[in-house]
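Take a look at this single chain, the form predicted alone, given in structure tokens.
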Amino acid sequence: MRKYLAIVRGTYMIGMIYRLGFLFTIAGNVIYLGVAYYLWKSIFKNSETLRGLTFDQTFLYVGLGSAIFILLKTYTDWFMNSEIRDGSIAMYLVKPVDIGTYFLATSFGSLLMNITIVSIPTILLLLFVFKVKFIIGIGLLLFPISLLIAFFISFFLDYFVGLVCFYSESVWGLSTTKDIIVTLLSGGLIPLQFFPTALQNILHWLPFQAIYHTPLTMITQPDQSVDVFLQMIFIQLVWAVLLFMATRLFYIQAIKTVRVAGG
């Protein structure tokens, strides 16, 4: 366990070195928040609520959604594709580390870094610049738990796509398709409340909504019944376990195809 904690710390420290990238990320997020603010302001111009959401709740959902997207985007599939193509993936096979746990540790280090650099500034902007009001409720206490499970689900999806690289030389098409599906069906771009009711009923049982919609609902509508939140967390846990098992089984088969030449 200590070796993986060292990887988490190392990834965090390496990420902190490239401060210029953070400035561009924060600047881009500020622009996005400004555009989203005036867009949803015009949508709510003649209504106080839409689909059960107020303007503050919708903007908070969309604003935090952009920050959570940065948090949970692990890029594991791209890193694995690069290392499989150049053969450096073989180095992990001769070291006393598990490949999946190694990439999980690096992704968790990036998560902690992005919380420091992106999430905290975003929350401060929402509070003091856009004057968004947070509702107090039990959901706020469960939000960190839900966000952590969402991170595992997002990682396992990226890791699964990364394992496909053992069979394919390029991950671009599959990864792009995965990102589009997750972004659209998870509520990361538009709250699921704005989808047709029949489609919502289907999406609530899929793993995609467990990445964004569940934690965002807990922070934008935290005054709901605790039973509602517990059911949402249970669905998250089920998908996290299923995806973990799927990636482990897929890894056992995928690793058999490794072919590395050269020296």
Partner chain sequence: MRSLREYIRLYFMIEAQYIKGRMQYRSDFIISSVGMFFSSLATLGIFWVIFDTVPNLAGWSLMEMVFIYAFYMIAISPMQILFDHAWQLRYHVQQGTFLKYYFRPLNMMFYYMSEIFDLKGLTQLVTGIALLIYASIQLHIDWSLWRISLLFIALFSAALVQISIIVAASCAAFWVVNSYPVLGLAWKLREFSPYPMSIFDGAFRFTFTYVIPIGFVAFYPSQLFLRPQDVSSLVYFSPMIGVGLFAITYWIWTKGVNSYTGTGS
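Residue numbers count along the first chain shown, from 1. Small disclaimer: the values here were computed from a predicted structure and weren't measured.
We do not show the form predicted together with the partner chain, though everything after this point is about it.
Engineer: Name the single residue among L189, V129, L112, I135 that comes within 4.5 Å of the partner chain in the predicted bound form, judging by heavy atoms.
Structural biologist: None of the others qualify; the residue that does is L189.
Engineer: Under a 4.5 angstroms heavy atom criterion, identify the one residue in I149, M80, I123, L174 near the partner chain in the predicted bound form.
Structural biologist: Checking each option against the partner chain in the predicted bound form, the one that comes within 4.5 Å is L174.
Engineer: At 4.5 Å between heavy atoms, only one of the stretches 212-220, 229-237, 53-61, 192-200 reaches the partner chain in the predicted bound form; which one is it?
Structural biologist: Going by heavy atoms within 4.5 Å, the stretch is 192-200.
Engineer: Quick one: does F208 come within 4.5 Å of the partner chain in the predicted bound form, counting heavy atoms only?
Structural biologist: Result no; F208 lies far from the partner chain in the predicted bound form.
Engineer: Residue-level contact is defined here as any heavy atom of the residue lying within 4.5 Å of the partner chain in the predicted bound form; does L140 satisfy this criterion?
Structural biologist: No, L140 sits far enough from the partner chain in the predicted bound form that none of its heavy atoms falls within 4.5 Å.
Engineer: Are any of the heavy atoms in I145 no more than 4.5 Å from a heavy atom of the partner chain in the predicted bound form?
Structural biologist: Residue-level check for I145: no, no contact with the partner chain.
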